[in-house]
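Shown next as structure tokens: one chain only, the form predicted alone.
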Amino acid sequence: MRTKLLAAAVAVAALGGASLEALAQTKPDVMVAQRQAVMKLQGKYLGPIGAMMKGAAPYNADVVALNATFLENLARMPWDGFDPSTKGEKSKAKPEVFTDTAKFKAAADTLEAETAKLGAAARAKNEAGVRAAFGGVAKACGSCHDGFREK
């Protein structure tokens, strides 16, 4: 334990005058890759719930609760990856992401709010609540993709 603590102290000392801001900077291409990874994970966890809502898979409250909780957390993650420095990077983000930032922020806030409703209903094992909340999540996803994502 003392060895690890000593190693950490040496590492901090070795950084010397490096500012925390400089250490926290992320390259634009990395931010794009990270936000795309979050979006893919959102699809991974939304898909099985959608299949259950359509009757293509049997309803499993435990799977829904787990997936909805992951979605709730993932919905908060991609937004810092839409930094203006990523504007020129290859992605499917429409220019409106960077020009109509208030509308984009509202879309992000809507997704976060709708996934929170879904997560709460799912953890309460309330199938009717999940069915009602799922529509809001699907609508929030579609609305943002329609307005801010190239086809």
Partner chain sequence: MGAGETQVKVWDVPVRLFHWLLVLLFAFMFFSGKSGSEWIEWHMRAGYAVLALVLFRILWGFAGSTHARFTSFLAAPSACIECMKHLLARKPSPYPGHNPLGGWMVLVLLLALLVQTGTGLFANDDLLSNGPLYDLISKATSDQLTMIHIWNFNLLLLLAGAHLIAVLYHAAFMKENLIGAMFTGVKRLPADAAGGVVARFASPWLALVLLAVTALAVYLIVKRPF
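Given the structure is predicted, the values throughout are model-derived calculations rather than measurements. Numbering follows the first chain given and starts at 1.
There is another form of the same protein, the form predicted in complex with the partner chain; it is not shown, and what comes next is about it.
- Taking a 4.5 Å heavy atom cutoff to the partner chain in the predicted bound form, the contact residue among Lys105, Lys27, Lys125, Lys92 is Lys92.
- Among residues of the shown chain, Leu46 is one whose heavy atoms approach the partner chain to within 4.5 Å in the predicted bound form.
- The partner chain in the predicted bound form is not approached by Ala133, whose heavy atoms all lie more than 4.5 angstroms from it.
- Only one of 96 to 104, 27 to 35, 66 to 74, 48 to 56 lies within 4.5 Å of the partner chain in the predicted bound form by heavy atoms, and it is 48 to 56.
- Residues of 122 to 151 lying near the partner chain in the predicted bound form, listed in sequence order, are Phe134, Ala138, Lys139, Cys141, Gly142, Ser143, His145, Asp146, Arg149, Lys151, the criterion being any heavy atom within 4.5 Å.
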